[in-house]
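Next up: just one chain, as structure tokens, the form predicted on its own.
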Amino acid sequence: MQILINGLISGSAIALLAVAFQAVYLPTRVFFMGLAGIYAATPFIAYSCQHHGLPWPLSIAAAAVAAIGLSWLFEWANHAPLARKKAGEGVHLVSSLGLYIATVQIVAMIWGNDPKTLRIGLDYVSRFDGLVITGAQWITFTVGAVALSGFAFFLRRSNLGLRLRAMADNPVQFALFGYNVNAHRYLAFGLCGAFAAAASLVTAYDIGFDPHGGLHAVLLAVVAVIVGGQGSFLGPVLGGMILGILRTQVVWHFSARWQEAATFGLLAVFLMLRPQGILGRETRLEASK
């Protein structure tokens, strides 16, 4: 039971970042690798705010606002101009990767390459009938549960959520109905920044952070998207939970060195046997073009 609980909590952090990636990819078809730069930079902003005397709630809020602003900046300066020029997905990917590299180098120049942590002092531990849950795990679980359930409610019950789903299904028809595609693109990038901040901050509080951890985290998120379902906003949540449980089981029964092999082995199995993911639906060839 302890391994399952640890896996679900670890999967919550992966799911948050997977939803951040999917929030941009589905409506815009942008493979947003700049997300890795946002993920890497966010905890450093919270760290600086804390060390300048701001209370931790204000530090967290400032970091989240900065992450959303940085996501909007990447859209305004890079992806929106490319979209107006009808650039292909490969162009967006390469330019987004450049944004990630530039962001990481700026972060390293300002704060250095040394690992840091947001937690001050020892973490507290809760014990329930043989189960051990740390304070950082409680925070990760709570943030994940609130954010992911809130996003599900937003998608299904709010007008903006329904519009975002409509844009993801058919952006051309969405525009023909008179909706502002550019405004909804900013909505998607804003949601991406918010979820990236949540995932980054809970992970930074739990295990620490450095400027170079963003790319690995985003690759895990992409695997969760593929496993859960590429055509679903909430499929990545399921994919993240599966990855969290798998990686925890591998660490417990074998070694942490086998985590990546197990992760990308699972990805290979899904790409061969069910490329649309668990919650994805098969589409006709002409509909996928």
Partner chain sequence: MNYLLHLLVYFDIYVIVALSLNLIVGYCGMLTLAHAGYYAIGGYTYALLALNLGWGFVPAVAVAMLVCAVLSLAVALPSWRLRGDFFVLGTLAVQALIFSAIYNWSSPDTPLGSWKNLTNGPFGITGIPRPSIFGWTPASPLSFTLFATVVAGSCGFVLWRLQRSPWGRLLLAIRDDELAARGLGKNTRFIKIQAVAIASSIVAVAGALYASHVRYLDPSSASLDEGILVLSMVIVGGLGNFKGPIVGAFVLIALPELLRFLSLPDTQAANLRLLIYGLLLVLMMHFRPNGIAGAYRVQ
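Worth saying up front: this structure is predicted, and the values here are computed from it rather than measured. Residue numbers count along the first chain shown, from 1.
One more form of this protein should be noted, the form predicted in complex with its partner chain, which is absent from this view; the next part is about it.
- Taking 241, 63, 40, 226 one by one, only a single residue has any non-hydrogen atom within 4.5 Å of its partner chain in the predicted bound form, and it is 226.
- This chain appears without its partner; in the predicted bound form, the one residue of 73, 152, 106, 160 with a heavy atom within 4.5 Å of its partner chain is 106.
- Annotated contact segment (heavy atom within 4.5 Å of its partner chain in the predicted bound form): 98-106, selected among 201-209, 122-130, 98-106, 181-189.
- None of the heavy atoms of residue 58 is located within 4.5 Å of its partner chain in the predicted bound form.
- Put simply, residue 47 is far from its partner chain in the predicted bound form: not one heavy atom of it is within 4.5 Å.
- By the criterion of a heavy atom within 4.5 Å, residue 230 is counted among the residues contacting its partner chain in the predicted bound form.
- Residue 279 falls outside the set of residues with a heavy atom inside 4.5 Å of its partner chain in the predicted bound form.
- With contact defined as any non-hydrogen atom lying within 4.5 angstroms of its partner chain in the predicted bound form, the contacting residues in 255-269 are 257, 258, 260, 261, 264, 265, 267, given in sequence order.
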